[in-house]
Ligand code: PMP
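Below sits a lone chain in structure tokens, taken as the form predicted on its own.
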């Protein structure tokens, strides 16, 4: 009998939900027109995209025209960061200062690094504590006269830390009253949409990145919330699609699938209830890992300061590739961290930022749990770790 595999890499991607697949299939069966064409077929497809945009705007409590569709989070993060920087350079002939953290996804961290390397910007990278925590005050202290952008991940995709987005948003209201340049506040909320309140009005942000495939939606589709009045320079030039910010024919089927995936998340209360159930499994895993002397948790063990679904730990004196391979052979899918750097045998910039990695060999493991998992899955993972 074929052994049932246990999938615990949901922070990398998730299986597409059947209702999402159905929504995509039904859309493709009835609407094939280019949504930018003026004939009936085009306008019917355009209407479906408009409905999807309205539904996503309701999820984020913003205006439909503030939702820009992209190919995914990496493009959204680049549009946010490079768009703001280019706009300020062009408007003020200045060298902007950007603040970010050492906990960011590669599409933020490496983008800022590249702009800094080219001499286009100055940059500050906020270092977390050894438990992976960062405070709003740390960010505020780094603000300079030429600071134009703060980009913070909402939930660390590698260690699960929750950053103080709402608190920082409140503080920036006062800071911007006296700052030389309007400081734009961007958050990558890809890992946060599952469990947290993303009302952009309450968060006090200007730009928010989101995508679909982390919530049982399709790959290759994402979006960027752009607060009205926030100016971004284009990364790509062409037509006038997406209010001129993202030219090119829209990924219509992806948009429909993404809107359905967000609809499936339910109300905030539904998301919080789901998060609480998943957090119990995370607590179970944390308790099970205590029996191992050579396992070190990466990130906070305070469940209020970390998300419900991501747990990262290092197994000392073990080869990283060997650990992941053995768990895979045991029927368990986990990862070393972000899928964007899969295959690397070196600790990521996030793990290095915690200051706990030495010359001692260690295997980093990220477990990301979904509502489709069970307590039995976590028990089997613990048993598999015993055999490493």
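Every value quoted in this text rests on a predicted model; they were computed, and no experiment measured them. Residue numbers count along the first chain shown, from 1.
Just so it is clear, the following notes concern the form predicted in complex with this ligand, a form of the same protein that is not shown.
Colleague: Partner absent here, but in the model of the complex, which of 208 to 216, 129 to 137, 166 to 174, 110 to 118 has residues with a heavy atom within 4.5 Å of this ligand?
Modeller: Comparing against this ligand in the model of the complex, the contact stretch is 208 to 216.
Colleague: Which one of 306, 74, 151, 250 is close to this ligand in the model of the complex, taking close to mean a heavy atom within 4.5 Å?
Modeller: If I apply the 4.5 Å criterion carefully, the residue I get is 74.
Colleague: Let me know the one among 190, 81, 159, 258 whose heavy atoms come within 4.5 Å of this ligand in the model of the complex, would you?
Modeller: After the contact test, the surviving option is 190.
Colleague: Would residue 105 count as a contact of this ligand in the model of the complex, using a 4.5 angstroms cut-off between non-hydrogen atoms?
Modeller: Contact check for residue 105: yes, within 4.5 Å of this ligand in the model of the complex.
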